[in-house]
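This document starts with two versions of one protein chain, written out as C-alpha cells and named structure 1 and structure 2.
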Structure 1
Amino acid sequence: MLTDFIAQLPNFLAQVATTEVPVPHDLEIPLPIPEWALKLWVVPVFLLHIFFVNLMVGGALMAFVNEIIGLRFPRYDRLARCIGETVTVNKSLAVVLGIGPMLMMNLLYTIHFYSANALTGHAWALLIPLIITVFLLAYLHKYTWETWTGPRKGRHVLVGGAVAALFLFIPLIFLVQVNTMLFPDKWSQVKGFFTALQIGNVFPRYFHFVAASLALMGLFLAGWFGRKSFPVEEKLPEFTRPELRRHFYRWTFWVSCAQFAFGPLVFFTLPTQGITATVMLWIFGAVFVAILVLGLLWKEIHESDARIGRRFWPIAALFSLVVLGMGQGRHVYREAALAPHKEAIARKTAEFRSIELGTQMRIRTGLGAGDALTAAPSGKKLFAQTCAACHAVEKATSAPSLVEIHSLFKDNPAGIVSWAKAPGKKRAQYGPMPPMAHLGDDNLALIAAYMLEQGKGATAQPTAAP
C-alpha cells in the first residue's frame, strides 16, 4: 500500500501542479449597464423562464404517465391529453423567456459562461437539434391524439415517451453548463459533457429540478383545471372539478415532501467555496415557507368539495416565495463562489490594458513598439511576405520567375511598380495577379529593386509543370 502510494506520489503532485486555476482576460468593452442592475434582475427574469421550463418538463412527464394509465382507465387518457395540450404552449414561452436571462448571464458572467460552454461544446451544439426534435414530436403527439387510436395507439404512446425522455435529458445539458461555470478550478479537468457531469453536484441538483418540475406542474394543473372557465364537463366528463383539484393538490404535496429529501442532498453535496451566512439565510428562509405551503396543501386536500380551492392563490404566492428564496440563495452562492476568480480576472485584464495602451503610445510617439515593429521595411522582407508565394527566383511555378521579370524590366523598375498596382492577365498558363496598390509606391519600389537584383545573377529553369 504505502509503496504504491509513494510510487504514485510524483504523478499526483504533477497533477496538482497542473490544475492551477486559469485566469483569462475579460472583454475590453465595458458592461452596458451597471453590474448591480443586472444582478437585481437576473434572478426574477431567470425564474420566469424556469417556471415555464418546469411546466413544460413536468407536463410532458405527467402526460406520458397518464396516457399509460389511460390504456387501462380511459378517463386518464383524456386527462393526459388535456395536460399535453399545455406543453406546446408552455414550451414556446419557455424559449422566448429564456432569451433575457441568457443575455444577462452572458453579460454578468461572460468569461465563466462561455468557458463552460466551450468545455461542454459538443453537448451544447446538440441542444438546438434536440430541442427542435422534441418540439416537433410534441406537436405530433398533440395533433395525432384523435387519429392515432386503436392499433396505432402504441405508436402514439411511444411518441409521448420520446417527448418525455428528451425533455428529461435536455435540462441536464443546461445544468452541466451552469454548474461547470461555477468551478474554474476544475476547468482543466473537464474534457467534454461526460467529465463535466462529475464535477460539483450535478445529479442532486438535477433530481431537485425534476421534482420541482413535477410539483410545480401539479400545482399549476390544480389551478388550470380548477378554474371556473375550464370546461370540465365537456373536456373531462368523468372527473369533477373538486376531484381534479384534490388529485393535483395531493400530487404536489407528495412530490414536495420528496423535495425535503432532495433539497438537503443538494445542500450537503454543494462544494463549500460559496456557502456563506447570506446563502443559508435565503435557503432556510425558503425552507420555512415551504413548510407553510405543505401545511396549506394538507388542509386543502382534506377540505370539502364545496370549499376546496379557496387557498389556491395563497399557496401559489407562498410557493413563488419558496422558489424566489431558493433562486436568490443559489445566486448569492454563485456570486460568493466566483468572487475571488472575478477579482483575479479584473486584475489581469487591467494589467493587459496597460501593456496595450503603453504599446499604442510608443507607436504613436514614434518610439516604436519593439524590434519587430520598428525595423524599417526591406525589399527582401516585403518580397517574402507578399510575392514569394507565387514568384520564385529561377523556376516559373504559378507565376513568372524573377529571371524572366529581370529580362523584361531590367532598366525599368518603375514598370514593375505600375504593373503591380494594376496588373492585367498576360499569360494563359497562370492565374491573374491580385493588385498590390495598397502596399504603396515606396514599398513597391523596394520590392522592385530587390526582384531585379535577385533575377540578375540567376538563370531561368524550364517551367515545372506543362
Structure 2
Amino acid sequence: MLTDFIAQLPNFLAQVATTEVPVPHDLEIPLPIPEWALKLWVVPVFLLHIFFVNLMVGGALMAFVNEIIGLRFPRYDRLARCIGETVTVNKSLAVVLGIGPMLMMNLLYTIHFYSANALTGHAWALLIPLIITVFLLAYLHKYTWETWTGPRKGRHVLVGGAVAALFLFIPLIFLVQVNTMLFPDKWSQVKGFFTALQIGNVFPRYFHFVAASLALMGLFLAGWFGRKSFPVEEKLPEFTRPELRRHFYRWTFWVSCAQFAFGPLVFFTLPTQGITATVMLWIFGAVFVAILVLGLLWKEIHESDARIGRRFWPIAALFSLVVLGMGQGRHVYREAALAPHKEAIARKTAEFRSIELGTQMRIRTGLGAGDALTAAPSGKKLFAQTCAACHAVEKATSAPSLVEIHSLFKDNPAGIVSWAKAPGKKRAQYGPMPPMAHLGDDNLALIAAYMLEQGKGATAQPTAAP
C-alpha cells in the first residue's frame, strides 16, 4: 500500500548515506489504467497544465515590470492592470489542470517521485502555504489597484513584486523535485532543498522555463489584446490595437531568440545517459519549427497596421508544435535516464518477492522463517533455509523430491542452478516455484551439489495422485 511505503520511506532514506545507488523494491500495486495509456496522456496533460503556469508566471512578471514603468508613464500602469487581471484566472486553471499530471507522475514514477519529495525536505512541505499566500496576495494586488494610489502606490507595487517573486520561486521547487527524480545515484548527496539545487542542470532548466513563460505570455497577450472584442478604446485609450500586437510580438520574438542560448545550455548540461537518437529527433525537430516561428514573428512585427495579426494563428499553431516537441523530448529523456534504475528496482522487486514467497512456504510447513545466511554458508544450511519447505528427500510434497531431481540432473548440477534462477511451471500438481536468483550462482551451486548428494542412493516413495 502507498501509505506503507510513505511510512517506511524515512527508514529507506536513512540508509541512503551508506548506499551509492539506493535500489528499493517496487510497490506491486495495479495501475487503474494500462501503463501505455498513462504514458500516452502524461505529456499532453502536463503541457496543458504548464501552459497556464507559463501564463501565470509570465503575466505576474509583465504586470510588475509594466507597473514600475507606469510610475513614470501612466499608460503602462493601465496596461499592467489589464495584464494583472489575467493572472488570477490563469493561476486557477493552472492549479486545476495540475491535478492530472501530478497523479500520473505518482503512478508512473512512484518510487522516484516520493523519494524526491522527501529529499527536497522543507521546501516541498512549504508548497501549500506558499501557494495559499501568493494566491491571496494576487487577489489583493488585483482588487486594490484603484484604492492603493497616490502615497499608497508604493505599497501596491511591493505587493505586485511579492506576487511575481513567489510565482518565480514556487516553480523552482517543483523543478528541483522533478530534477531530483532523475538522479537516484545522487540521492546520497542530498541533504535538503539547497543541496538538491546542485544536482543536474537545475538553473539552466529554470532560466529556460522563465524565458518560455515570458515568450508564451507575450504571444498570448498579442492575441488577447488584439482580438476585435477587446475594448481597447475603453480600457487602454492611449494604445492602438496594432500597437499592442506589435509590442507583445516583440516580447515573444526577443525572448524566443534568448531561448537559442538557454536551450543549448540545457541540452549540453544534461547527463548523457538519457540522450538517445529519439530525444535528439524531438528536440531538434522543435528547434527547426522554432526558427519558422521567429521568421513569422519578424514579418508580423514589421507588418503594416492594417495587416498585422493575420499570421497570429499560424504562429500559435507552430509555437504549440515547438512546445509539444520539447515536452515529448523531455519525457523520452526521463524514460531513458531512469531505465537502468527502474531495471534495478525490477530485479530487487523480484528478489524481494521470491524471499517473501519462500518465507511464506517455510511458515506454512512449520519450519519457521529461517535464519539469516552466514558469511560462508554450506549447501546443507542453504537448502534448509530456502528449499526444505517444499523439497523432501524421498517423497514429493509440494515440489519434486530430491530423488527425482537427482534422476533429472545427476550429471548436470548447472541445470539446477539455471532452473532455480528462472523456474517455469511444467506440472499441474505443483505450485509455481519462486525464482532464487537473489542467492547468487555460488550459493545455488552449493545447494545443487547438496541436493544431488542427498538424492543419490535414496529411494523415491510413492505419492498419492493429485
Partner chain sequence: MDFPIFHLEFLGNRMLIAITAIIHVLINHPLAVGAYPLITLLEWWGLRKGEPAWDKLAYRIVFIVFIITTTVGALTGVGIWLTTSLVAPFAIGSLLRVFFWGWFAEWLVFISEVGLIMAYYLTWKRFATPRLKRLHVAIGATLSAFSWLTMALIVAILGFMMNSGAWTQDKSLWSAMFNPLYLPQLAFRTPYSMFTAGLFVWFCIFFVTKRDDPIRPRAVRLVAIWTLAWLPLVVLGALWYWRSVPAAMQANANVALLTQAFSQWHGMFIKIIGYTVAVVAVMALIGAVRPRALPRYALLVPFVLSIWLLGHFERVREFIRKPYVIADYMYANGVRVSALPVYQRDGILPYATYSAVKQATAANALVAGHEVFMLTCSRCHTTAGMNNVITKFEHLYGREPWDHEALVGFIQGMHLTRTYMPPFPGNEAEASALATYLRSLQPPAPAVSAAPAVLTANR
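Superpose the two forms; the largest set of C-alphas matching within 1.5 Å is the rigid core. Residues are numbered by position in structure 1's sequence, first residue being 1. Just so you know, these numbers come straight off a predicted model, no measurement behind them.
Asker: Name the structure that is the form predicted on its own; the other one isn't.
Answerer: Structure 2 is the matching one, since it is the form predicted on its own.
Asker: Quick one: core overlaid, is Arg427 moving 2 Å or more at the Cα between structure 1 and structure 2?
Answerer: Result for Arg427: yes, a 2 Å-plus shift.
Asker: Would Phe409 count as moving between structure 1 and structure 2, using a Cα shift of 2 angstroms or more after superposing the core as the test?
Answerer: Yes: Phe409 shifts by at least 2 Å between structure 1 and structure 2.
Asker: Taking the rigid core as the reference frame, is the Cα of Ala399 displaced by 2 Å or more between structure 1 and structure 2?
Answerer: Yes, Ala399 moves 2 Å or more.
Asker: For Ala445, tell me the Cα shift between structure 1 and structure 2 once the rigid core is superposed, in Å to one decimal.
Answerer: For Ala445, the alpha-carbon shift amounts to 49.0 Å.
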